[in-house]
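Below you'll find only one chain, the form predicted alone, shown as structure tokens.
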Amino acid sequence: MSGYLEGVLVLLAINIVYAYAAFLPIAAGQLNLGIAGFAVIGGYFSAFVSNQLAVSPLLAIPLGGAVAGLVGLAVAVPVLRTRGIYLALATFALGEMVRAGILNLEVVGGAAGYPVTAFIRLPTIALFTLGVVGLVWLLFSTRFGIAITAVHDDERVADLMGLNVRAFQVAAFTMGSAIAGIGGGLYAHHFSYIEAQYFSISLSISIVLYVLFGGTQSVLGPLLGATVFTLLPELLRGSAQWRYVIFAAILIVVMVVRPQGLVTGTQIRRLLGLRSEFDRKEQAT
């Protein structure tokens, strides 16, 4: 495999992990613009324990995800009291605070960045990515996924049904933060270097766009969204300076035609032959 192809596949795998980190809170009705902040926490922590304690990346990366998840849990309780644009602003501010804090930590290189000794290749990254996809898919195959969907559709109705709305929202936010931390650890250990400047608000917005473009109603949506955003610019590379113009035009057209995203839950059920009673009645009429 050529170095270029491996590099593209590595970015694709990491972007898929980021996409599922954003998908979980979005599925619970929460827009988290601080995904990059949790990714940088996981990345720096896993890099630090890998360098200083000689911990294997296979252990250091999940540890970084766990720390990012704990931070997410600590901030979820106060932050999730807000709604809508106020929640988006609060998570954006949180991500920027984390980034600014790390830029002033000399123990991890400060603004100069932090070199990482251990190195992982595509097979290891792909294994982590498959694990994340499988975990989220499994979660949404259980009552947890049904409850999260109910909370997203209507919080009041979900509360009347006896669901602890706040607990499910906190759980989704925390798990999304942990997955973002894993993505940051994968990035740090593959590129053998991590710097806080990379994990800016633009990265968080791009990650959220992966989910919105792919579709928020299906677990397959983030996978498709991240794939399109990663591979399409590379396929258009031959267009030189026009490739991002063409890429943006394609995105606009798709979102106009498919505002709900590339794939929805109903489409998945139909593909699998699992049509709901409503679908059968609709077809009968």
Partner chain sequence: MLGSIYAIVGVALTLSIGVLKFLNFSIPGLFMIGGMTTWVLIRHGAPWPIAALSALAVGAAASLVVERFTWRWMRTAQEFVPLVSSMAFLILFENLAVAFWGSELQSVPQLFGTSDWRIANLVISIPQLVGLLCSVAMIWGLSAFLTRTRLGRGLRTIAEDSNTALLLGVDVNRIVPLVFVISGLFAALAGVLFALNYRQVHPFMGEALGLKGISAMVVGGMGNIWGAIVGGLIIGLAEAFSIRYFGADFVDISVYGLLLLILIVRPTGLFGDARTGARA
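These numbers come from a predicted model, not from an experiment. Residue numbers count along the first chain shown, from 1.
Missing here is the form predicted in complex with the partner chain; even so, the following discussion is about that form.
Under a 4.5 angstroms non-hydrogen atom cutoff, the partner chain in the predicted complex lacks V228 among its neighbouring residues. When contacts are judged by a 4.5 Å heavy atom cut-off, S50 does not count as touching the partner chain in the predicted complex.
Remark: Y114 does not count among the residues lining the partner chain in the predicted complex, judged by a heavy atom distance of 4.5 Å or less. L235 falls outside the set of residues with a heavy atom inside 4.5 Å of the partner chain in the predicted complex. Contact with the partner chain in the predicted complex, defined as a heavy atom within 4.5 Å, holds for exactly one of A126, L73, L209, L135, namely L209.
In plain terms, the part of the chain that comes close to the partner chain in the predicted complex, with a heavy atom within 4.5 Å, is 101-109 out of 171-179, 187-195, 115-123, 101-109.
Here the marked residues S56, L130 and V219 all miss the partner chain in the predicted complex; none has a heavy atom within 4.5 angstroms.
For the stretch 182-211, the set of residues having any non-hydrogen atom within 4.5 angstroms of the partner chain in the predicted complex comprises I201, S202, I205, L209, in sequence order.
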